[in-house]
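Take a look at this one chain, the form predicted on its own, written out in structure tokens.
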Amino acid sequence: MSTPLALSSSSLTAPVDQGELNGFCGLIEAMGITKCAQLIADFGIADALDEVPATAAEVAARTGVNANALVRVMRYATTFGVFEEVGAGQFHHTVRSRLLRSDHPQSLRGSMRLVGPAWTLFGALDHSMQTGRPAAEAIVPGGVWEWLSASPNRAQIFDEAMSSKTRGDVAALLSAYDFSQFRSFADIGGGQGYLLRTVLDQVPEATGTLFDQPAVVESARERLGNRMSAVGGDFFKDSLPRAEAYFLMQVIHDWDDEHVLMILRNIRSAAPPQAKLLLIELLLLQNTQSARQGYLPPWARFMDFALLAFSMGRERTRSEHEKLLDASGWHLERVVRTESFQWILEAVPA
């Protein structure tokens, strides 16, 4: 009979100081912080508070919410930098609360609103732990895309979140990379075309094509300028436009390796010999690299975890991206760091 492994009381059951206990409570509180910020985004609280400080009751009257509930929400929000409490029960904007306004050029309101629908998916992550499959499949057999299409409101929130995320990153992309070297762009899976529109504003001699699902493209048409065209289709199998530069922003992280190779090979088939592919993605970094720019914990690791809820996709390391590019007819030339969480992986036809 084997002897049970003796456990060291000094290492496993030693008392923990109060500071560590309090710090661990922050992990529990994170749920409340996220939900509080989502409520502010959903009910347009930041939009309703202008540059003149106002009480929660005044903001409640503007938004139709309950004043007693709102004062508790706004008061709690001040503890993590959303709003500032000034005067006698009045609240004023902070940098963070302004990011939850719809009219801010780098608005993250859409991303914050996605927390509501995502809450349901995160609640099913037990399914992922047991099967390795997306949590969304436990809710809808067809997975996240069927789950989104089943609700126009959910789909709209998702589209807003994707556009919100792009707006927050575009300034960093423009300052990190010289797009003026190209005269034609194709944004594959580009959603509402915000990235493409912004780049074309910076490169007035260029033209661009937005490629996405037919319904997405149709909803984006009214926002397109006279140097942009839109094509609806399936980027796994349909013919893609020719261009000097291809954007693929936060697309391949939604898919497993098999589907990523299909996308990359399809772009390679359409690309002229001198074209460049610009993968705009997060990168999973080693522990020693993870504290770059003070982002702790690394956003890529959170997103890699979150994708368990949504899809069979994942975040990848540089070498994992490089292997997929090599296998699909591309050669990774360089990786460009930006001031946002995004990296630009520049590839050319092999």
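On a predicted model such as this, the values are computed, not experimentally measured, just so you know. Just count from 1 along the sequence shown to find any residue number.
A second form of this protein, the form predicted together with a small molecule, is not displayed here; the remarks below concern that form.
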Report task. Indicate whether the candidate residues Phe43, Ile45 and Thr55 are all in contact with the small molecule in the model of the complex, with contact defined as any heavy atom within 4.5 Å. Result -> no
Query raised in the report: Which listed residue (Met249, Ala243, Ala77, Leu277) meets the criterion of a heavy atom within 4.5 Å of the small molecule in the model of the complex?
Result: Met249
Query raised in the report: Which listed residue (Ala230, Leu200, Ile139, Met162) meets the criterion of a heavy atom within 4.5 Å of the small molecule in the model of the complex?
Result: Met162
Query raised in the report: in the model of the complex, does Gly189 have a heavy atom within 4.5 Å of the small molecule?
Result: yes
Query - the small molecule contact in the model of the complex: Phe179, any heavy atom under 4.5 Å - result: no
Query raised in the report: For Trp147, is any heavy atom within 4.5 Å of the small molecule in the model of the complex, or not?
Result: no
Report task. Examine Trp119 and determine whether its closest non-hydrogen atom to the small molecule in the model of the complex is within 4.5 angstroms. Result -> no
Query - Which of 164-172, 92-100, 200-208, 121-129 lines the interface with the small molecule in the model of the complex (heavy atom within 4.5 Å) - result: 164-172
